[in-house]
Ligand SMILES: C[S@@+](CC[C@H](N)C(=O)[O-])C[C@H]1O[C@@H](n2cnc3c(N)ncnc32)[C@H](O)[C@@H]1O
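Take a look at this single chain in structure tokens; it is the form predicted alone.
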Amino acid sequence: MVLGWNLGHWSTFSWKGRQLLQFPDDVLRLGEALWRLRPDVIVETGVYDGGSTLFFAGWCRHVIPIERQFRPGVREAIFQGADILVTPIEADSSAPETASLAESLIRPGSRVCVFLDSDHSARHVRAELENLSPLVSPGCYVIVADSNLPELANAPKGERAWRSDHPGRAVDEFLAGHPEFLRERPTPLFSTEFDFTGLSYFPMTWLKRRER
């Protein structure tokens, strides 16, 4: 995992011609989980080249991608490649007003999932969780990407700060004050005698909102 990350294995994948910066095992797990959940809306933070937005567009009716500043051509590529409603928001994904805007775009009664993959500092992710988690429907997830940063801190391209400043820390702090969420990674439909949970960039940061 560390070697593949350091060599940029994750940057070689794409979806509908747009770069998709995810580990392939995670993409398959996400797709299967979303197929089972059947959300109406997916709110995504951190868009980059648009590949992840187009991927999410295959599993719901409406995607709300949030990016502080969209790169040139990304909006156009998303609109051209998506067959569903996509409503981009250019704003700080950790700001309360951004969450309010996203909420205003969601029809009452919609099933909503959230995927967080923007700034990976603990402070930013914690703010995203506080502001965007209320959008998540009972039985659905807020998924926090790249919580494996501490494992990569000592890699040549890693950063020492990741040992303590990372999305996983934000998740731990959030869960301590939010009993309506539990840490629950979807169980694979097909299992083996080996545990491959660790073969992921976010193995333990799937947060499921408890059913009412």
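Start at 1 and count along the sequence shown; that's the residue number. Quick caveat, the model's predicted, so the values are computed rather than measured.
The next section is about a form of this same protein that is not shown, the form predicted together with this ligand.
Taking this ligand as it sits in the predicted complex, is S133 in contact with it (heavy atom to heavy atom, 4.5 Å or less)?
Because no heavy atom of S133 falls inside 4.5 Å of this ligand in the predicted complex, the answer is no.
Spell out, yes or no, whether the shortest heavy atom distance between V43 and this ligand in the predicted complex is within 4.5 Å.
So V43 does not count as contacting this ligand.
Wondering, does D26 line up within 4.5 Å of this ligand in the predicted complex on heavy atoms?
Outside the cut-off, so no.
Considering only heavy atoms, tell me if H178 and this ligand come within 4.5 Å of each other in the predicted complex.
Contact check for H178: no, nothing within 4.5 Å of this ligand in the predicted complex.
With the partner removed from view, which of 100-108, 113-121, 136-144, 78-86 is the stretch that lies within 4.5 Å of this ligand in the predicted complex, judged by heavy atom distances?
Among the candidates, contact is made by 113-121.
Does any residue in 1-18 get within 4.5 Å of this ligand in the predicted complex, counting heavy atoms only, and if so which ones?
The stretch 1-18, when checked against this ligand in the predicted complex, contributes no residue at the 4.5 Å heavy-atom cut-off.
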